[in-house]
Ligand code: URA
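Only one chain comes next, encoded as C-alpha cells, the form predicted on its own.
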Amino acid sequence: MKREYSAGAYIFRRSGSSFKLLMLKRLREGSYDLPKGHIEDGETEEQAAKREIMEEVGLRVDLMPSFRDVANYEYYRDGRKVRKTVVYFIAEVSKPNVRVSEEHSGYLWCDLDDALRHVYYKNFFPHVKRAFEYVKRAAEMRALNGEYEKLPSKTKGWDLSKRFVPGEGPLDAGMMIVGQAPGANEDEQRRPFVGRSGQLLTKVLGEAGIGRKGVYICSVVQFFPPKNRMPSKTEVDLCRGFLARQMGIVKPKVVVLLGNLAGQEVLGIGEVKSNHGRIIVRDGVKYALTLHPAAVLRFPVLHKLMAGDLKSLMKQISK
C-alpha cells in the first residue's frame, strides 16, 4: 500500500460570537475540502501547512500553538489503495476574502452544521467538531489571560512580578499539571517550567510515558514571587478564580498537583509528602498528588519517588 503524508489547516474567522471555517470547493471533484498538500522534502509539518495555505488561498498565517490534529484515511488512485495521513493545524484570520488557487472553483465560510454537511469523509466529523471546540476555547483563554495579565495594575501594593506567565499546552489536554508559581527563568521567558525544575519535570514525565507537549501546564500563581518566595495567602486568593476558570476551559480528566501549595489550593491537602501518590476523584476528575520538582532538585533521592507517583498514575488511568 502506498503512503502519503500531507499537512494543512483549519482556517477560522470570527463571526459575531461564533466562528466560521473556510472550506474550498475542488474544481475537478466538486467536493469541499480544507487547505492541505504534500509535505515536501526538508519541510516541517508547520512549514508545509503554511506554504499550502499561501498557495491555495493566498493567506499568510500564524498557526495556533499546541494544536495538532492527525487524520488518516484510504482512497484508490489508478486502482491502487493509498493510505493518507494529514496533519492539521489551526489558524485564525480577520478578513473573509481569500484568493483560491486554480485547483478550486470557490470557497465557503461555514458554521459547524454547514461544515459537517460539506465534509466528504464522514469519519472526519469528530476532527471538525474538535477544531470548532478548540478555537472557541482559545478565544476564551485569550480573554481570560488578558484579564489575568492586568491584575498587577488593578491591585494596590502588588509585590509580585508584573510579567504574566500564562499556562502552556493543548487547550483540550486530557491532563493538566499545576505547580506553585513561576521562577526567574519563567519570568524572563514568560513560559511555565522552563528552568531547572521544568527540565526535571520534562524528564520525569518522560520516564512515566507522558509527553510534555500533550499536557497543559500552569501554576497556582502565574506571576514570579521575588527571590522565589512562597506566594502569600492574599496573592493566592487574588489568583484563585483565574486558575479555576483555566481548568474550566481545558476540562482535563486528570490533574497532577505538584507540591504543597497546589495540593492545598485545589484539594485542601497542604502536606504532599505524606499524601503523595494518592489519587482523589472529584466531579469525575482524577487528581494526583506528587512532589514539586524543585524539592527533587534539592533532594535528588526523591527523584524515584516522584517518578514512581507518575508511573503509578499512568497505570491507574490506563485501566
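In this text, all values refer to a predicted model and were calculated from it rather than measured experimentally. In case it trips you up, residue 1 is the first one in the sequence shown, and so on.
Although it is not shown, the form predicted in complex with the ligand is what the next lines describe.
Residue-level contact is defined here as any heavy atom of the residue lying within 4.5 Å of the ligand in the model of the complex; does residue 180 satisfy this criterion? Yes, contact at 4.5 Å.
Within a 4.5 Å heavy atom cut-off, is residue 50 in contact with the ligand in the model of the complex? Contact with the ligand, no.
I'd like to check something about residue 89: if you look in the model of the complex, is any of its heavy atoms closer than or equal to 4.5 Å to a heavy atom of the ligand? The answer is no: residue 89 has no heavy atom within 4.5 Å of the ligand.
Even though the partner isn't displayed, in the model of the complex is residue 148 close enough to the ligand, meaning a heavy atom within 4.5 Å? Answer no; every heavy atom of residue 148 is more than 4.5 Å from the ligand in the model of the complex.
Location of the ligand contact in the model of the complex, chosen stretch of 183-191, 69-77, 148-156, 168-176 [non-hydrogen atom, 4.5 Å]: Result of the contact check: 183-191.
Taking the ligand in the model of the complex, which residues along 280-295 bring a heavy atom to within 4.5 Å of it? Stretch hits: a single one, 292.
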